[in-house]
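So this first bit is one chain, no partners, the form predicted on its own, shown in structure tokens.
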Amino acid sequence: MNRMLFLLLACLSITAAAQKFEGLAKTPPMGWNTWNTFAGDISEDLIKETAEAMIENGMLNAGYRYIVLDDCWSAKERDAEGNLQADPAKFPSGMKALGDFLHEKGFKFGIYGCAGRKTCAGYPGGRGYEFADARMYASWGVDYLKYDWCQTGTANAQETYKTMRDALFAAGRPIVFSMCEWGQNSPWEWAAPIAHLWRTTGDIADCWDCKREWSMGWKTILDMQVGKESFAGPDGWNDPDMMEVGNEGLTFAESRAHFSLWCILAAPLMAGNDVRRMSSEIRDLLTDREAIAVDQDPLGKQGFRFSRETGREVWAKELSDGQWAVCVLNCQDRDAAIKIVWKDLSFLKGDYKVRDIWNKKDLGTTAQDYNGAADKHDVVFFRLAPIGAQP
């Protein structure tokens, strides 16, 4: 057979068989990422201290399994063979040893790459090295790859991410593929066969609704999720970016609202605070089993904004067994009374038992209206179970 024909047929065979690894993200991934607090100031010691803290504070037991190194973990140049290598000053034991440490502690190992020639911070990118990099990640025991979109020039996003998907599959190790394309090419419309999650917006900031040069507040990002709920589900999630819960730019009420609404969105729950030094309030917030259960519900439905009126929004998420989660957000810059007339929520069919998630109280049924209050930029958050259903 002609050699060129043989190579062409071989490439076509690989392409036909290429796919993402299925079943790795049946519910939204949960974990912790270095970027929002530490940016490039990361090290082997930081990762090990964070892992130990997440065991001690209950985050691992609550479901936060992925510890993800973001940008700036690598050396400034590839080695003589063109391979990625860890920064020897930051990670003297290397990536394989770090991955082994995390696995021994019960975590999954996540790492960052970029589809361009350089990462956003100027480190070696993956363009042209996809298959070599995927083999290297697999050899290190990587379980999760966040793949960014800096310095990509005129590259086609869909084809570029397909190439990395194919490289990961060819490497043979099941790795969750997280596309960080910032929503510029509407990835929710085409990314489901390629990745397990895809960013829908630019970067998040630790504020309510600010707009900075490269980032924006979580409320701004929340508004941008409206209408995207039909594109998410098991093994393919819209990603409104990592959480800023517990970071200094947010009040506790804003952190609680942020966390509640990410749970309503069935968003990946990637903590971004310094979990070694967080308050007991933030620890209890991040590890709350009832709130997490809304995010991790196996039905896999992303929630939606049911109504928006002056000063408040009502968000809802369909859950398994006919249940619903309902979250009312106080958008006002002051504390406000909150009244819910349950019969006005047209998605509800019949009567439901009402559970107040944050106050840990059963409130009777939807036969009675709810009258309560929420602090500035806070929420009230409920789980509704059909009358007669098992608790």
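Remember, it's a predicted structure, so these values are computed and weren't measured experimentally. Note that residue numbering begins at 1 and tracks the sequence as displayed.
If you look for the form predicted together with ligand GLA, you will not find it shown, but the lines that follow are about it.
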Counting only non-hydrogen atoms, the one stretch of 74 to 82, 252 to 260, 294 to 302, 178 to 186 within 4.5 angstroms of ligand GLA in the predicted complex is 178 to 186
Sort through 112, 315, 161, 198 and report the residue having a heavy atom within 4.5 Å of ligand GLA in the predicted complex.
-> 112
The unique member of 266, 145, 134, 242 whose heavy atoms fall within 4.5 Å of ligand GLA in the predicted complex | 242
Ligand GLA contact in the predicted complex: residue 352, any heavy atom under 4.5 Å = no
Would residue 44 count as a contact of ligand GLA in the predicted complex, using a 4.5 angstroms cut-off between non-hydrogen atoms?
-> no
4.5 Å heavy atom contact, residue 120 to ligand GLA in the predicted complex | yes
Does residue 324 make contact with ligand GLA in the predicted complex, using a 4.5 Å heavy atom cut-off?
-> no
